[in-house]
Ligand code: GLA
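Starting off, we have a lone chain in the form predicted on its own, written out as C-alpha cells.
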Amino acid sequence: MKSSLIHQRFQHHFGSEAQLIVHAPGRVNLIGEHTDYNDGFVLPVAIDKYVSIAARSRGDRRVVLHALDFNQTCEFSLDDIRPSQGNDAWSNYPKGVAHFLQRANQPIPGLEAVISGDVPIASGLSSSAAIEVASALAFLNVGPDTPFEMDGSELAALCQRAENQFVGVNCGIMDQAISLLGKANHALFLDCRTLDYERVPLCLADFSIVVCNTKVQRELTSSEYNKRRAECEKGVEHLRQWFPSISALRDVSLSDFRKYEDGLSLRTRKRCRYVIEENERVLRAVDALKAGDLQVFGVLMNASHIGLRDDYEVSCKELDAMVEIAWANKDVIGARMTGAGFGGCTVNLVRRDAVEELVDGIQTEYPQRTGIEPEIYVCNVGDGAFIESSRNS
C-alpha cells in the first residue's frame, strides 16, 4: 500500500497522524528450500511486495492494531500478551514480536497501528515474516526514547523465535533475514547456522523473475512442515553413530550419507538425501550467479523442484502442474516450487521477451488442469525493510 494511503487510513481510524510508516517485503526463495531449519544455505531475494505499518506511540502500555485487509481490530496490553484464536490469529505475529522484544530487555512502548500489505497470504511468499519484521521495526522506532540496539541478524533471529515459540510454526530464519537484509538486484546468500551472509549481485540481463500463485492455501501450523523437521532430526541422530560432532544435515556430505543411509527408513532416507543435495545445489548456484551463468542456475532450480517433489514430498499436483507448464516453454530456463510447499507459489526464470507468452500459457492451461484461476506476479528484486517518517508520505 502506498505510504500516503496507509497514512490516510491511520488518520481516519485513530483521528491523528502516524509518527512513522514501516515497509517490510515478502520474498521469493530462488533455491535452498527446507534447508534453513537444517542449519544449511539459502538464496532468497526480497520482492517489491510489502507489509506496511503506520504507527504512533501511546502514553500507556496498550497496543491497538487495525488490520485493513481483514477490517479487524485487536487490542492487548504489553503486560499481558496472550495468543489469539480464530479470526484475529493474524495478531499473533506482532504479539509474538512484542513478547520477545520485551524478553530481550527492549523497552518498547504501547502503540496504535494500521497494518496492510500486498504480499499474498499463505502463498509461500512469507507474509508472516514481513509482518513480524514490520512490527519489530515499528515497536523499536515509534517511541522517542526507544533504543534500537539489535543488528539485522539479531532482529531476524528474534522474529524467528516469535514465529517458532509464540505462533507455533517451526520455520527457519531465512524469511525474516531476507525481509530485513535484502538489497535491490541482489540475492542473499545466507548461512542459516552462523547467520553470516553475502549479497550476491543478481544480473538478470534479458531475464525476469515470474512468480505464479497456485491459489492453493496451506496452513503451516497444521501441515506436514513440522514432521519434515522431525524426520531430518531423526536422520542426524542416526548419523551421529559415525559422526559424533555433527549437529545438522549440513555437516554431512552426500558421499558419507550414502555409506550409512541403510539404517534409516526409506522415508527418512529420502528427506535427508534431499536436504544434503539441496545444500550442494545452493553453493553451486551462488558460483553460477558470480560467473553470470544463468543457464546453470536454471538447471539447478529444476533439479531442486524434482527433489522437493520426489524426495521431500512437499509439492502437490497444482504446484507440479504449474512447473510442468513452465518447463514446456523453451524460454523458461528454471522453474520450481518456492516456500514450504503443499500449495503456494512457483518461481520461474524466463526470458524477458517471453514473459507474456508464459503468463498466457499458465492462465490458459493451469485452470484446465486444476480448475483454479492462478495469480501471476512479475517481480522486481527490491530492498529489505525500511522506515519513513509520515511527514514524507
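Heads up: residue numbers just count along the shown sequence, starting at 1. Since we're looking at a predicted model, the values are computed, not measured.
In what follows, reference is made to the form predicted in complex with ligand GLA, a form of this protein that is not presented.
Remark: Ile173 counts among the residues lining ligand GLA in the predicted complex, judged by a heavy atom distance of 4.5 Å or less. Though the partner is left out of this view, Pro44 does not reach within 4.5 Å of ligand GLA in the predicted complex, counting heavy atoms only.
Using a 4.5 angstroms threshold between heavy atoms, Gly40 stays clear of ligand GLA in the predicted complex. Not displayed here, ligand GLA is approached by Tyr225 to within 4.5 Å at the level of heavy atoms in the predicted complex. Scanning Val355, Ala340, Ile362, Leu349 against ligand GLA in the predicted complex with a 4.5 Å heavy atom cut-off leaves one residue, Ala340. Heavy atoms within 4.5 Å of ligand GLA in the predicted complex are found in one stretch of 27-35, 44-52, 323-331, 59-67, which is 27-35.
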